[in-house]
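Here you get one chain, nothing else, as structure tokens; it is the form predicted on its own.
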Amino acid sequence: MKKRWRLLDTGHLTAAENMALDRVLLECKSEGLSPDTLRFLQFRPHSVLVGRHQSVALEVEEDYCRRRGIDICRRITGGGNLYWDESQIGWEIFTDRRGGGMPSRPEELYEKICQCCVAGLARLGVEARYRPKNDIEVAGRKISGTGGKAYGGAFLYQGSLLTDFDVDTMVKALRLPVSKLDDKAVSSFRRRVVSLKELLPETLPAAEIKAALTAGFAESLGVAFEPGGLLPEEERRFRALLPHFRSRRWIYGRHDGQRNDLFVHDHKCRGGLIRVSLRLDGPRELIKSACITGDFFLEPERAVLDLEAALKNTSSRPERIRGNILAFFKRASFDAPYLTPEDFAAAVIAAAKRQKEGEHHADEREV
């Protein structure tokens, strides 16, 4: 007999409501209070979401979003900034980290779950494939981005499916390099993604798309789905947590008030983009403070905060930075697909080097 999962369709919700439900469902699953679940979600009004480790000020065109009534919120998962219009469909699974036929290695887990979405798209006549580290593509063009988060004995894995694509609003709502380029570059960016509207001969209702995805997940995971709603305890926790996810403290977090003209260095690596902002004490060659954000996945959540604290008032010399960071990760337990301690060391070293060079040039101009 196939294992039975809950099929939960929460329809259109605000960004804060969707993020609060992510937290509640993950926590309840970890505590054994919730069943294994496939959730479908949508956003109303349209929304911008930053990743758990990102800064709103550095990733979002806030004035534009406010003028257009676009919600801004922070995800509980890592990764980059995202724009959601009301047509896009999100999917999420909540299940146990161990057992149930799920791979233990993150990279293998990502592929297994993405293949569920691939199977669902095949039922719509769309030939998609998994593209490491966490994308689903059609003929080289991205149609779904994914990411996940572990909590206790459970994990959440989620993806967005482009049913339509408003690239013009997206590049105005997000701080992207392409938004500062010419029309030719924007057109090139548009060709890198694809939506169901472009691939199918007619626009399908959301219910038909969700049904196909559900069948793909059922087939790939070997489970059966039963439609259901929120349990009383989930509903209680959701109402209690919602004010927090609507608060400025959650949305801006530790990055509240971070200015756009702060020195930042972007370090691209296989695991994503690591963005480092440093304040240095030049004469004493010390790192006074560090802020590490970016488009990457790192668990537990405190790992980034602990790394920043470990760097405070330490040497800004490259060999000492590298030694301190490698020592930090050696004594810390962390989960970072495709990321290594060397990636963080390289990012911080490059940031310190560039800031020192910038201060040197500024001193020359003042002479």
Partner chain sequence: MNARPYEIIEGLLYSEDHFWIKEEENGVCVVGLTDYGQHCVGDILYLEIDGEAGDVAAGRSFGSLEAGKWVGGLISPLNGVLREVNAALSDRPGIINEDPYGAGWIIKAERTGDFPAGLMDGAAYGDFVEEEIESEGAE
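This is a predicted model, so every value here is computed, not measured. So that the term is clear: the rigid core is the largest set of C-alpha atoms that superpose within 1.5 Å between two forms. Numbering follows the first chain given and starts at 1.
Not on display, but discussed next: the form predicted together with its partner chain.
Taken together, the three residues G79, N134 and R317 all lie with some non-hydrogen atom within 4.5 angstroms of its partner chain in the predicted bound form. Heavy atoms within 4.5 Å of its partner chain in the predicted bound form are found in exactly one of 293-301, 216-224, 101-109, 233-241, that being 101-109.
When its partner chain is considered in the predicted bound form, K288 lines it closely, a heavy atom lying within 4.5 Å. Using a 4.5 angstroms threshold between heavy atoms, K29 stays clear of its partner chain in the predicted bound form. Under a 4.5 angstroms non-hydrogen atom cutoff, its partner chain in the predicted bound form has R284 among its neighbouring residues. Contact check for T146: a heavy atom falls within 4.5 Å of its partner chain in the predicted bound form. Note on the partner interface in the predicted bound form: the residue among L156, C73, V138, L162 having a heavy atom within 4.5 angstroms of its partner chain is L156.
Between the options K172, K142, H265, R129, the residue in contact with its partner chain in the predicted bound form by a heavy atom within 4.5 angstroms is K142. Residues R52, H53 are the ones in 48-62 with at least one heavy atom within 4.5 Å of its partner chain in the predicted bound form, listed in sequence order. The rigid-core alignment places the CA of K312 2 Å or more apart between this form and the one not shown. Here R246 does not count as shifted, since its C-alpha moves by less than 2 Å between this form and the one not shown after the core is aligned.
A displacement of less than 2 angstroms separates the C-alpha positions of S30 between this form and the one not shown, with the rigid core held in common. Figure legend: C-alpha atoms of K288 and V56, shown here, are separated by at least 3 angstroms less in the predicted bound form. A change of 3 Å or more separates the two forms for R248 and A310: their C-alpha atoms lie farther apart in the predicted bound form.
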